[in-house]
Each structure stands twice: as C-alpha cells, then as structure tokens.
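Okay, here we've got a single chain as structure tokens, the form predicted on its own, with questions on binding and movement later.
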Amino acid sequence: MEDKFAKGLENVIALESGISFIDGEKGILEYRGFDIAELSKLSYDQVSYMLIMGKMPGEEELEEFSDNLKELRKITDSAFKVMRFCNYNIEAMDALRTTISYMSHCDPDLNDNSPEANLRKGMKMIARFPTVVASFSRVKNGLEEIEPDPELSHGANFLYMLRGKRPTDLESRILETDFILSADHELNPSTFTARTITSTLSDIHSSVIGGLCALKGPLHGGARMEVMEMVDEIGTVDEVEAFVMGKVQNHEKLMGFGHRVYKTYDPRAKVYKKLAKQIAEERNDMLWFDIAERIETIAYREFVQNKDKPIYPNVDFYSGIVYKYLDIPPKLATAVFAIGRISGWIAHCLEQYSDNRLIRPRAKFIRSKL
C-alpha cells in the first residue's frame, strides 16, 4: 500500500490534549474550554494558573500563585554576567535562549523529572523570562538593570523593568492581555517542538529552549518583528496602496496575513486591533494604526473578496502595531511573545510527561537513481 503523508504535517492529529481548542473555520480559540475573548479580560496569572493546573484558580490559590511568581522574578549575578557576554546586535530571543540554558545549570532540580520538580522549574521560567528580556534590552543600550517590582502585575512589571518608569494603567492592561493572547495555541511549531523534546524524557529546560528556537523563525513568532519593520518601511498612509500592490504583483508574502489553521479572521487579531486603537488614542497618535487599518482594507480587497482561499490578518499583524505603541523595539518582539507563550509550553510539557509516548513520525522515502 502506498504511504500517505501530509506535507508540513498539515491537519495531522498527532496527540490528544486538554489545553486549547481551535476551530479554524469559525475563528474560535479556547483555553481549557474558555473563549479567548473572555480570557483576555483576566490577569495573566489567572490564565497561566488555569493552563498549567487545569482549572480556574480560587482567590487564595491565585494569591499564592502570584506571590510565588513575584518572589521568583530575580535572577542571579552570574546570569547577568552571561547575558553581558552576548553580542548586543542579536535579537533578544538569542540572549534569552542562552541565559535560560545557563540558568538551568544552576537549578537544583535540573535532573529531577518528577511532577513537583518540573512545576518548580516551570514557575521559575515563567517568572524570569520578563527579567531576562528587559535586562538584556537595557544592558545592550548601556543602561543599568532594574530590579523587579513585587507590587506590579506580570505585564506592568515587565514594562517597568524595560523602560525604567511605571506604565500607565492602559499600557499595563494591554501587555497583560498580550501575554494572555500569546499563552497557547494548540500544536503550533514551538509547542510541538517542546512536546517532542519532552517525549524523549529530556529535562523541561531543554524542552523550553527548543520551543524558543522554533518560535524565533519568521514563519512563526518572528513575524511580529517583520510586521513592525514593514510599517516603518511604509511610513505613511499614502504609501500603503503602492506597497501592498507591489507585494501582490510580485507574489510576495504580506507579513501578518494568512494562517495555516484559520480560514477566517484570527480571533486573537480581533482583540489586538481593539488594543491597538485604544493605545493609539491614548497616545494621540493614530499614524501606525491608520497605516495598519489601510493595509487591512487593501488586503481585504485583494485577498478576501471573490477569492476561493481568502487570507485574513493573523495574530502578528495588530500585535506588531501594539508593540510599536508600547515602545517595544523590533528586536525584542519575538522575546516578548515568548514571555506570554512560556505558560503554554509548561502546560504542554507537564501534560506530555503525564501520559508520555515518544513522538517519532515516519518519512516517505523518495528513491533516486544515482
């Protein structure tokens, strides 16, 4: 019988999971049965707890979880030293990958794969990702690192460590929402990579580092950075038509549009569009939002109307606009995505460990004559 295969594993069901659900035809995304639009109104800590523990936290459970994360935010002097050895021209993702790898060496639970030890290691990574990313950004710009503030939420604390001043209430709320929207997305490439590594019974740090490596790619998390650079390249609303039509005529990819799973508007993109408009209005500067909205209008005309396979905005499009308004440099964009996604990776790794089977697909061999 001829072997069948799906290029890129498209629509292949590889495993069972209770973490997130996607309906690409209807534009639905749920975490453990909760719609993403409703979850986006909560705190990141609530959603992180729910993803990892499998239930929504009670008041005391949430307080204990949040307090634990806040206590774990600081990183050691030796980790700072490793970060300072990094090339300052690299993306923050590269520094994050290197620093997390070093930090794993110092973890007393490094070679303990018990559920309790993996949860402890996961909590440390959730708490310390923001510290590493913000600190690297400041070091590369010749600024002193800023200690985490235990009074601030996950999102507000990151912006404070990054910029050196407390964010506005809207900025804090927007970044919390960003982390929630980024937290999980079923078997995306980085999550599948993390689960594949976990299935070998390697340590959870290795699984997360594998996820970081996959997330960096421009066809995955790296697209956010390219959206930000695209908007800068366009510059004004008047230049949008020529830019988009140039992409169409040259059959080039328009960054921030199209998705392997969604055949309609990405539900996360709808939330990001609202956030982008809110922060643009607070800043009294609509330029980037207006450019993005004009890109979407022309893209709708070219890619959706009267098309058999319409292409809509994905999560990266308006999130890139949000990051510009939050003064997040393009080379930090993918690492900020990772700050949100780490909770989903931890949840998937723990789920994989709990009912493990080595992930080992086959390849269809193509015989060639030499």
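These numbers come from a predicted model, not from an experiment. Numbering starts at 1 and follows the sequence shown.
Same protein, other form: the form predicted together with a small molecule, not shown, and the subject of what follows.
- The candidate site formed by Lys74, Val132 and Gly210 is entirely out of contact with the small molecule in the model of the complex, as no residue has a non-hydrogen atom within 4.5 angstroms of it.
- Mapping the unseen interface onto this chain, Phe289 falls outside it, with no heavy atom inside 4.5 Å of the small molecule in the model of the complex.
- A residue is said to contact a partner when one of its heavy atoms sits within 4.5 Å of a partner heavy atom; Met161 fails this definition for the small molecule in the model of the complex, lying far away.
- Contact annotation: Tyr325 falls outside 4.5 Å of the small molecule in the model of the complex, judged by heavy atom distances.
- Taking the partner from the other structure, the small molecule in the model of the complex has no heavy atom within 4.5 Å of any heavy atom of Ile52.
- For the small molecule in the model of the complex, the listed stretch (281 to 289, 256 to 264, 110 to 118, 161 to 169) containing residues with heavy atoms inside 4.5 Å is 256 to 264.
- Residue Ile311 is the only one of Leu69, Leu42, Ile311, Leu62 with a heavy atom lying within 4.5 Å of the small molecule in the model of the complex.
- The partner is absent here, but in the model of the complex a heavy atom of Glu252, alone among Asp238, Glu233, Glu144, Glu252, sits within 4.5 Å of the small molecule.
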